[in-house]
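Considered here are two forms of the same protein chain, supplied as structure tokens in two stand-alone entries, structure 1 and structure 2.
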Structure 1
Amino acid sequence: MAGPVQSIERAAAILRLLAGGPRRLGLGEVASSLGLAKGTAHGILRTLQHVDFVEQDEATGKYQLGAALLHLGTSYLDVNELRSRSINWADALAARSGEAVRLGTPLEGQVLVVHHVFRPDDTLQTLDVGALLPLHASSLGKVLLAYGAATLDPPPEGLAAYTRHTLVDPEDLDRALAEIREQGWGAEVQEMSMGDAGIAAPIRGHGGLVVGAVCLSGPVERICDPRGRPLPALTALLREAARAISRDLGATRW
């Protein structure tokens, strides 16, 4: 294993120094406090400023901790918190669409189902919460991939084909992801199991970062038109719910 990276250790020391007192510090103070050359300290401060961990006062040129750093510890979204915040919207989505609703978040190269509302027809259904879905073959996973909330690490033997419609060619998948970003929602049509389809839209947390996705799924003939395109009425309901959950996450966290 490689040893510690010196510049990161120094950056951490600078952050600790700035966090240590209420006062803004000048470049000279930072450098001499840590026994660094001014040039070295300046390079590190500029980099920290670039990622918003440090701010420089325009008038005095002195440095202080940046806002991004303050939010770092609290931007983590607990999955149970996500469920609790979305429960009313997910219920309303299931009631209006007549289909099952799931929420997913990325977990170690897969999608973790964090919430599930039954299709409101009182048939026997089992809660899927805690189940894992493949990123490339589920609507939730494709949306998480499209918005950079999850990354795909294909195994050497290639992506698993669940049906003949599963996107296993990385280029096909990339094209599909670009399209999702373009239209703001994604679908899987018989890509995980024949006869089923799902549509998903991103859920954004503070700052617009995609933290999860919400999907509607059911038999393909109920989700799509005869040509296999998702019904616009359903995508409209879905996107409205996703926006409402996102607003709730952003509006109340800060």
Structure 2
Amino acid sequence: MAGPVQSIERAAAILRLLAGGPRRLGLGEVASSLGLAKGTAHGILRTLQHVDFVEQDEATGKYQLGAALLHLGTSYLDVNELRSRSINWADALAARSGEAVRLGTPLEGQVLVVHHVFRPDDTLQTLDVGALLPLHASSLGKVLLAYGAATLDPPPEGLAAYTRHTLVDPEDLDRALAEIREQGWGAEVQEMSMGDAGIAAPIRGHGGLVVGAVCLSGPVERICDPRGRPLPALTALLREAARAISRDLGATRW
């Protein structure tokens, strides 16, 4: 069996590097970050630029992701069964709850947001489709972890603490995951950002396997009671939507 093609692996690493940063990167930055010779990095970047996967700023010479990747990403979302089966239910859930709705699937140790419905009001909101969320600090991620749809591989320095409420101790996280399995839904309260909270429920496919999760999120005072516990009315709406999506995906029992 043939092994991986090194040039393709390097091209993928460059795309991931450009996707992971908030700014454009120069040739030297790309080469040093990935341990490549400048000539090698330049050749790959030029090829990626030729197929519009990478763009180069004329003024600075630095590189960023190209527009052609947007088309590829949109194509992926169009054929993603979880997203296509969930759109109507997610829209209805946002309308009934008054909160934002996100759908997530596991991707390489994180949660990929495949659909996002804005909170139905006039507040300024940012589209999160394509965003990657941490497994241990998001309600979507904790649900995926609890049901074995994703696995967590903590770095040597330990789990990242986004706020003082983030669960970074493995024992604390294990207890939270056990509670999720017992009650059938999970929450994060100010664990990713102060003032925000979310609740999530698993989505199952054929055979009852968890293939994704759906969550409601918003300001903590809208999601939780004064003691920081998720509001039962929102939890009920969320679980109802998760069961409906699961049925559409072929789950018969859970």
Partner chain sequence: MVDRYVMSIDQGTTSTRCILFDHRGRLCSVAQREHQQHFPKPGWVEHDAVEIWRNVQRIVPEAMDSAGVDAGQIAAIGIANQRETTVLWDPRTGTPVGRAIVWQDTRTAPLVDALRDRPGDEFFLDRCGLPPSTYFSAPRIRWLFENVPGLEQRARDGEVLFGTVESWLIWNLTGGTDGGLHITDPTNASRTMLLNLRTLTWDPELLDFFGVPRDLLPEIRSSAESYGEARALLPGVRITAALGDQQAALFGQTCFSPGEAKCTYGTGSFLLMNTGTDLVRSRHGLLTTVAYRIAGQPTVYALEGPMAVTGSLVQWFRDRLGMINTAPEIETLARTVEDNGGCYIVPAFSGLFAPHWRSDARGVVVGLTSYITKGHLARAVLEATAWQTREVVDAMNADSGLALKQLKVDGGMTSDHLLMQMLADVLDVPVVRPLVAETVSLGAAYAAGLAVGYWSDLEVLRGNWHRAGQWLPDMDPERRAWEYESWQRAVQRSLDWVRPDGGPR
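Keep in mind that this is a model prediction, so the values were computed, not measured. Residue numbering: structure 1 sequence, from 1. In this text, the rigid core denotes the largest set of C-alpha atoms whose superposition between the two forms falls within 1.5 Å.
Here the chain coming from the form predicted together with its partner chain is structure 1, while structure 2 comes from the other form.
Here residue 10 counts as shifted, since its C-alpha moves by at least 2 Å between the two structures after the core is aligned. With the core held fixed, residue 219 shows a CA shift below 2 Å between the two structures. The rigid-core alignment places the CA of residue 153 less than 2 Å apart between the two structures.
The Cα position of residue 122 changes by 3.1 Å between the two structures once both are aligned on the rigid core. When the rigid core is fitted, residue 43 shows a C-alpha shift of 51.8 Å between the two structures.
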